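Take a look at this single chain in structure tokens; it is the form predicted alone.
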Amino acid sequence: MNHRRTLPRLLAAAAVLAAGSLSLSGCAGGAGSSGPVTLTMWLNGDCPKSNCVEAPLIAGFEKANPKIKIKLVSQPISSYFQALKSASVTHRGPDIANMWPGGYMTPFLRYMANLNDFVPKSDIKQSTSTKYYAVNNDVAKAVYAVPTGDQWYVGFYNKKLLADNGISAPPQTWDELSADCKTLKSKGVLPIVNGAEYGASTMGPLPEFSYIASTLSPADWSGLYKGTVKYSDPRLQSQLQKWADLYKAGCLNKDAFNFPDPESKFEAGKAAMFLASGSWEVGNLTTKMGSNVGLLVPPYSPTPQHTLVETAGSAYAVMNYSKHEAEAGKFAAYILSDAGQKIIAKFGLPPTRPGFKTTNPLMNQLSAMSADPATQLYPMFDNYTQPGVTNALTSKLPQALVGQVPVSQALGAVDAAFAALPSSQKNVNVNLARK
């Protein structure tokens, strides 16, 4: 869940269960374990220097293990999971595979090694995010991938714009957000910017929906995933209506439905808040805005917001059909080792083991918020939704925000998408009833 995991993760969701024939860029194999070994590692997306922690991790690992080389193979984002599934069925996939948690991981459980066999159990237990790669969050039984960092859905605010307009602190509730909106509008300042990002045709609603849905308990989230709680639940309707009322009141840009670059508008100081975002933008916003950018948990709550949406970031699994499973397991262990955590921290990502801090104060602030006992943690909602449901949320929620369809109709369409799922996809058992 780095910058690669915003819009592209939605495109991938629809492809997880799709069938298709694709050419394979890499396959397991190489020299025997008695001599030098070359491992193939698949990456979901490309590897630019500014946003690719894999490069320094591989370099550090190869220096520590001179007989093991890793060939990094970038795969197209839109077809990554489909390609990995096709390759795994024939046991021609990579030795090491980039993995995301929740519903993305489920189809690959039969192909992934239990990393408890390779990674020190103390490192797994210390890591705040390995639970997302364990069945029912139980790391003692099996962990199928190790994350390269934590990731959060979170918003941002412009400190100077708020202060210059008499707002001493960012809003924490619906009422405070509405009041700040009126104040900013009266001064000619756009309160909130939203829009389409990363090549999408419309805005991406899922980061904000995770906070809108946090009015429900974690147990009720589990009910949504398996159909015992309806998306048209009155509590969700009320929350979504308040969200739509923000647009109706002029708190957002009029073209929020498909404005192509909301982040740049926020960076340029032309909007006070940017709520549909996440920690993958922390580095860029800090570079562009310096200390003027602040973290803002979307205040979609009748009482002060103490919720934070966190899920493990991008992770790596060892495929159990690899001819070099033990060597690939060493790389998994390296990610959670002291050496690996230091590389991740230096790169600017939040390591998942305690005692390692990044050089970015906002990232460290998010880590501290997650560790605070007063914070109620939720996972990223769409990590566990079925592809058909994800598509309905993605298409219908933006329409509800801008008033194209009533809130009840939008959520009713999501219920209909769930009802249309095959029974095998409704058999979801997600244990979220823990902090």
Partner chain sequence: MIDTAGAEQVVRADARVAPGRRRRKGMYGRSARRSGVLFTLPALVLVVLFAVIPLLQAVYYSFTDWDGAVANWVGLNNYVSTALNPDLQRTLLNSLFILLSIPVGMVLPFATAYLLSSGIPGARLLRILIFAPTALSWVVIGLVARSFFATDGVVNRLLQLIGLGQLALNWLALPTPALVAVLITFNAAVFGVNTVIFLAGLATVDRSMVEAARVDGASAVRILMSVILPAMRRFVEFVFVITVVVSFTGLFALIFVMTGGGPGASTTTLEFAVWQTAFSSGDFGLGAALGLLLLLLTLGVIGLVRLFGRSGDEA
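Superpose the two forms; the largest set of C-alphas matching within 1.5 Å is the rigid core. Numbering follows the first chain given and starts at 1. What you are looking at is a predicted structure, and each value in this text was computed from that prediction instead of being measured.
The form predicted together with its partner chain exists for this protein as well; it is not shown, and the discussion that follows is about that form.
- Contact annotation: Met289 falls outside 4.5 Å of its partner chain in the model of the complex, judged by heavy atom distances.
- Though the partner is left out of this view, Gln82 does reach within 4.5 Å of its partner chain in the model of the complex, counting heavy atoms only.
- At a distance threshold of 4.5 angstroms between non-hydrogen atoms, Gly250 is out of contact with its partner chain in the model of the complex.
- Among residues of the shown chain, Ser201 is one whose heavy atoms approach its partner chain to within 4.5 Å in the model of the complex.
- For the candidate set Arg235, Lys182, Lys141, Arg110, a heavy atom within 4.5 Å of its partner chain in the model of the complex is found for exactly one residue, namely Arg110.
- With the partner omitted from this view, the residue of Asn65, Ser408, Ser370, Asn391 that lies near its partner chain in the model of the complex is Asn391 [heavy atom within 4.5 Å].
- None of 158 to 166, 130 to 138, 255 to 263, 294 to 302 except one has non-hydrogen atoms within 4.5 angstroms of its partner chain in the model of the complex; the exception is 255 to 263.
- Remark: all three candidate residues (Ser78, Ala416 and Ala420) come within 4.5 Å of its partner chain in the model of the complex, counting heavy atoms only.
- Along 386 to 414, a non-hydrogen atom within 4.5 Å of its partner chain in the model of the complex is carried by Pro387, Gly388, Asn391, Ser395, Lys396, Gln399, Gln404, in order along the sequence.
- Core-superposed comparison between this form and the one not shown: the CA of Phe81 exceeds or equals a 2 Å shift.
- Lys248: CA moves less than 2 Å between this form and the one not shown after rigid-core fitting.
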